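To begin, one chain is listed below as structure tokens, in the form predicted alone.
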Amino acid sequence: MILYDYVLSASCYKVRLMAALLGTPLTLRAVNFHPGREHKSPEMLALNPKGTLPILQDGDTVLTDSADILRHLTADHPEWQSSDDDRWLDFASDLNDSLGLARLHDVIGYAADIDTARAAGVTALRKLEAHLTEQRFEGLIFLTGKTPTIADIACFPNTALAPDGGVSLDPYPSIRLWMRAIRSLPGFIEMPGIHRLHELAHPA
């Protein structure tokens, strides 16, 4: 499988992360999204007329929506699926359109109504915090149960990168615990702005 990838893209990262957690190898093809705008080149538009990333090519199958790619990667992994995933994949799209847009504005100067984007991002984070707090009361840590699903992987990147768009995560303790649980998963990989958990070694 080939992933046409931009290292700073939250949407591309969720695909890389999902593949890493599954142990599924990907061939990464770096795309000069910024400043090169290579995703708008004739070659890339032939793969994806929408001119967006990520793009996953698996044989004759080409997928250009991150939610569809997550479903594709986990097609043979029912443990990563739940009946409530569609709800959270839609919510992940809302996070991308708010927190993700604010981050694009602040990081690469993308044109946006930054106040509206940040306000929508805060609204989304409050909804996420409320749900995760209810989950904690039930003894659950992830969005749909005791174990992670594609719902968690879809929602994680733009949430974790919210500070890059000027939205603090300090008011959301349940979100921070959830993010820690994801970062603790075997096979977790980093991207710029999202790091592994680092245990401090105590001197002998």
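Residue numbers run from 1 along the displayed sequence. Since the structure is predicted, the reported quantities are computational estimates derived from the model, not experimental observations.
From this point on, the text means the form predicted together with a small molecule, which you will not see here.
Among the candidate residues I175, M44, V167, L53, which is the single one with a non-hydrogen atom no more than 4.5 Å from the small molecule in the predicted bound form?
-> That would be L53.
Check, residue by residue, if F33, S66 and Y110 all come within 4.5 Å of the small molecule in the predicted bound form, counting heavy atoms only.
-> Affirmative, all three are within 4.5 Å.
Going by a heavy atom distance of 4.5 Å, is R136 a contact of the small molecule in the predicted bound form?
-> So R136 does not count as contacting the small molecule.
4.5 Å heavy atom contact, R29 to the small molecule in the predicted bound form | No, R29 sits far enough from the small molecule in the predicted bound form that none of its heavy atoms falls within 4.5 Å.
May I ask you to state whether N96 is within 4.5 Å of the small molecule in the predicted bound form, using heavy atom distances?
-> Although the small molecule is absent here, N96 would touch it in the predicted bound form, with heavy atoms inside 4.5 Å.
Counting only non-hydrogen atoms, choose the one of 137-145, 175-183, 36-44, 159-167 that falls within 4.5 Å of the small molecule in the predicted bound form.
-> Answer to the contact question: 36-44.
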